[in-house]
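Single chain ahead, by itself, as structure tokens, in the form predicted alone.
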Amino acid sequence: MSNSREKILAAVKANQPEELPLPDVPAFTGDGSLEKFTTILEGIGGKVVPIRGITHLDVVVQELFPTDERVASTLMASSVLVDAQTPIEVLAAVDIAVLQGEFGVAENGTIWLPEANMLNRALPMITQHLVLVLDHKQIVPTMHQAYAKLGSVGDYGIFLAGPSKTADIEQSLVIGAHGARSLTVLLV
């Protein structure tokens, strides 16, 4: 052994503890009901609106946002065309983004939104109002089930929960400070 480094590494290698089996991880369960999802999401500032289907999505969105006109979506007629190369100035002018959520998580009111459903990575953050369409059968109880559902997804995506919000030490809550001013989930 020619140097201190080799001596230290040899001593570490010779003094390894016995391998032990990994502990059993308990199955995490929870309440995956629509009621739990709705209660949590509304508690953090979101809104849940049940709808029968997406055939009249444009009518529902118009009723919810009667004064907003600039819509970006692949689920309904859009007045703003958005893709991955859309300049930020165009994105900043979007009033409403209507996007397809993949699944929701009841314990924290989040919705998984993969990049493929975003039109542009910045759109869910820069739009004034974010509307996510979600199949009511696609709600899991906990984040443990959510990550298991994701599996080995390699693409970018985000879990969204409620509208953007921030608060300071004086407990002044500001909605829409760093992203969408509102989040509405249309449960199909």
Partner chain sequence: MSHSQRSDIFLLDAERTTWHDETLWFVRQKRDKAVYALPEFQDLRELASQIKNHTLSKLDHYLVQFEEAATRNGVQVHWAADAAEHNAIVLGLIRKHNATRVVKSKSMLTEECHLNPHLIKNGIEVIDTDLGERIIQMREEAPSHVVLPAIHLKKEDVGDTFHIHLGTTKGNNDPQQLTEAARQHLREKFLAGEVAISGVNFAIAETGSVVVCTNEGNADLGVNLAKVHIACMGMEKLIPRLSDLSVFTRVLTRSATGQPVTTYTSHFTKPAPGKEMHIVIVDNGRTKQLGRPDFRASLKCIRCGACMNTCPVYRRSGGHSYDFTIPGPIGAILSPNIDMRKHASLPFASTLCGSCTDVCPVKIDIHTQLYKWRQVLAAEGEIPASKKWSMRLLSSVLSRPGMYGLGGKMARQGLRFLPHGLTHAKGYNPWAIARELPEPPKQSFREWYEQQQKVK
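Just so you know, these numbers come straight off a predicted model, no measurement behind them. Numbering follows the first chain given and starts at 1.
Another form, the form predicted together with its partner chain, is not on view; read the next lines as being about it.
- With the partner left out here, its partner chain still marks one of 46 to 54, 22 to 30, 131 to 139, 60 to 68 in the predicted bound form; by a 4.5 Å heavy atom cut-off that stretch is 22 to 30.
- Using a 4.5 angstroms threshold between heavy atoms, Met76 stays clear of its partner chain in the predicted bound form.
- Proximity of Val188 to its partner chain in the predicted bound form falls outside the 4.5 Å heavy atom cutoff.
- Interface residue remark: Glu102 is not counted as part of the site for its partner chain in the predicted bound form, having no heavy atom within 4.5 Å.
- In the predicted bound form, at least one heavy atom of Leu160 sits within 4.5 Å of its partner chain.
- Residues Ser4, Arg5, Lys7, Ile8, Leu9, Ala11, Val12, Lys13, Asn15, Gln16, Pro17, Glu18, Glu19, Leu20, Pro21, Leu22, Pro23, Asp24, Val25, Pro26, Phe28 of 3 to 28 are found to place at least one heavy atom within 4.5 Å of its partner chain in the predicted bound form.
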